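Before any questions on binding or motion, here is one chain by itself as structure tokens, the form predicted on its own.
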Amino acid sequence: MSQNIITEEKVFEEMKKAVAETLRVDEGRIKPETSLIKDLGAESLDFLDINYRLEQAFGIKMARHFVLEHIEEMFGEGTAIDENGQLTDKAIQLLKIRFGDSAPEMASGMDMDEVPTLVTAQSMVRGVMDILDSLPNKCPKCGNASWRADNGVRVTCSSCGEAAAFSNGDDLIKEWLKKVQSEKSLF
């Protein structure tokens, strides 16, 4: 379900706050296309902090593993990353389906260590929106379809006050991979 309670603009605002606080940069430097690593100097531990801040703001659970790890887990070692640590053709096909044309420099043979440099503010916003869009139609506690966003970021049931429960990021990636597998016959 695509929820219409929290907008992409609101998620971007929260993303900018989380990135600015973590990296100690001015929010004005953060644009949708901004690479967190190349443009702002983020390191791997910074992503944990940014994810934590987003989880706290929205009441969600971000993915703990990157899509490449899920590909390897689901379809076998060497499916996404070859023995030299480079991305395979299948990995590139899946990444392009997942991220569209936002990273035209993705190519087969690319070193897997370069992939995190492709993470932009917009790709992180998209990840949060995917999780928010897993909002159930009805509250599991009272059965009503009366969601609201408290403070513009936390979804609760306006009938009983129950906090919304969303799918976690890792489960959503796995669901997406299964769907792509059945539709595209990549594996």
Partner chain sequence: MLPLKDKVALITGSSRGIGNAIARRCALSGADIVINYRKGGGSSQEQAERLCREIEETGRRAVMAQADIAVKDSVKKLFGEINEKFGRLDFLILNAAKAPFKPLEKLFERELRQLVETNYLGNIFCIQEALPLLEKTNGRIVFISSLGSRFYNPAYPLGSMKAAMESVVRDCAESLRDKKILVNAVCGGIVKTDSFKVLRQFWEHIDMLPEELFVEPDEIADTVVFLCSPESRGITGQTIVVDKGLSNAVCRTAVKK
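Residue numbers count along the first chain shown, from 1. Treat the numbers as computed from the prediction; the structure is a model and nothing was measured.
Separately, the form predicted in complex with the partner chain exists; it is not shown, and the next lines address it.
A single residue from the set Glu27, Asp46, Asp133, Asp150 has any heavy atom within 4.5 angstroms of the partner chain in the predicted bound form; that residue is Asp46. The chain is drawn here without the partner chain; in the predicted bound form, the stretch among 119 to 127, 49 to 57, 154 to 162, 138 to 146 whose residues come within 4.5 Å of it by any heavy atom is 49 to 57. In the predicted bound form, the partner chain sits beyond 4.5 Å of every heavy atom of Val115. In the predicted bound form, the partner chain sits beyond 4.5 Å of every heavy atom of Pro32. With a 4.5 Å cutoff on heavy atoms, Ile81 counts as touching the partner chain in the predicted bound form. Interface membership of Glu77, defined by any non-hydrogen atom within 4.5 Å of the partner chain in the predicted bound form, is confirmed. Proximity to the partner chain in the predicted bound form holds for none of Glu9, Glu13 and Lys16, with the criterion being a heavy atom within 4.5 Å. Contact residues in stretch 65 to 95 (any heavy atom within 4.5 Å of the partner chain, taken in the predicted bound form) are His65, Glu69, Glu72, Glu73, Glu77, Ile81.
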